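Only one chain comes next, encoded as structure tokens, the form predicted alone.
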Amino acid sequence: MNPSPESSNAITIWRNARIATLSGTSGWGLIDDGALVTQGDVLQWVGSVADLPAHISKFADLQVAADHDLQGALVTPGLIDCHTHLVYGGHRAQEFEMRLQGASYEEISRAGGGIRSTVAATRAATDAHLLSSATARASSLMTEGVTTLEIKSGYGLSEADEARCLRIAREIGATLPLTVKTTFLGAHALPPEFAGRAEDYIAAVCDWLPRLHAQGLVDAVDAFCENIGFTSKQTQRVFEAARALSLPVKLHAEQLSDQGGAALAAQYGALSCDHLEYLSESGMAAMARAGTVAVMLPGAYYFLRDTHQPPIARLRARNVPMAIASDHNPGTSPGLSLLLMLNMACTLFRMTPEEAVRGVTVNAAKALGLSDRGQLLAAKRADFCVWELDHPNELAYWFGRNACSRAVYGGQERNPGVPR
């Protein structure tokens, strides 16, 4: 009987592919007529088919569990969506209509809509409903090659409901083959029971965090530092609570105005600052020094019909790593296509196709603090996708087309959305 691909004494070969390794800090790292060798969930070797026999001879004591001929298809690292809000109840289509009739995002929020309306729907939803709806959304992203996903809380805004949303996010990662990283976003908005008491609410968020962390529910901590969110001083209190637990931080920063959030986050060695339409030179410089990733969210920019672009050229000049994410959420980015975000990042923000693809692989991994994925190199995790495309720049070129034909999660080929 042949060993299974997961067996520790077996290897799997994937040959005859055009491989975009994304090795190094620039370039596609293309290997024409390439091959990959996986053992368990790790890439053991990536190189030319011509060099494969010599490499395989080094595994004389192992058996080949499977040998896949990819017939010239393109292979890239698995895609990483490093900013989503997948767990929530209801939707906000009515607010979309209101905005088209002239209401601003801030006006809707101050009138009790926005995040608060989703909080009410989330609190009212059953666990089963939240799990099934979020799983369906994750499965949609997976059909386009997403193998790693971040899910934020932030629509419960009570200790019990935040824990519930984080627990559901963990369950998605346990039942679907993709990797899920969870982020506590208690400082997302002020819940109705704390109306007019922002300081008290931030104190509550800082009080919840150690208990949520003790339950194994939190990988990172985020906040919404904005004129309709929380001040930089309130954000700092949350970051201090995260630091006390050695949890990494990230930040919704400078989306609607410059609150100095990016510079503050960089002081705490933030993994990422996200949105950044109003990022200042000082904030940019702080991010560059800290190695903080700038996460572009073109879906929200598009959906809100914003016109103030993030400073891509200046970020590029400072060598700040740039990632791209779907920012899937019910209010400002209800899209479920990371591939569409690549095209939007190029057409709306003038990122290059290479920057866009690196933004959902190499740099998205950095934004989640993951060093074991995002590139196709020996010793990296065996997450990769097979595409019916000739060149990786086509990932950013086409929109409305899903060319992902196969996806491999930790060395195992699985159908997206199907439980383990």
Ligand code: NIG
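Note that the coordinates shown come from a computational prediction; the quantities given were computed from them, not determined experimentally. The first residue of the shown sequence is 1; numbering continues from there.
There is also a form predicted together with the ligand; it is not shown, and the following applies to it.
Taking non-hydrogen atoms only, residue 224 approaches the ligand to within 4.5 angstroms in the predicted bound form. With a 4.5 Å cutoff on heavy atoms, residue 327 counts as touching the ligand in the predicted bound form. The ligand in the predicted bound form comes within 4.5 Å of a heavy atom belonging to residue 331. In the predicted bound form, the ligand stays beyond 4.5 Å of every heavy atom belonging to residue 268. Comment: 85 to 93 is the region of 234 to 242, 160 to 168, 193 to 201, 85 to 93 lying near the ligand in the predicted bound form, near meaning a non-hydrogen atom within 4.5 Å. Using a 4.5 Å cut-off to the ligand in the predicted bound form, each of 105, 115 and 252 places a heavy atom inside that distance. Residue 155 is the only member of 140 to 155 with a non-hydrogen atom no more than 4.5 angstroms from the ligand in the predicted bound form.
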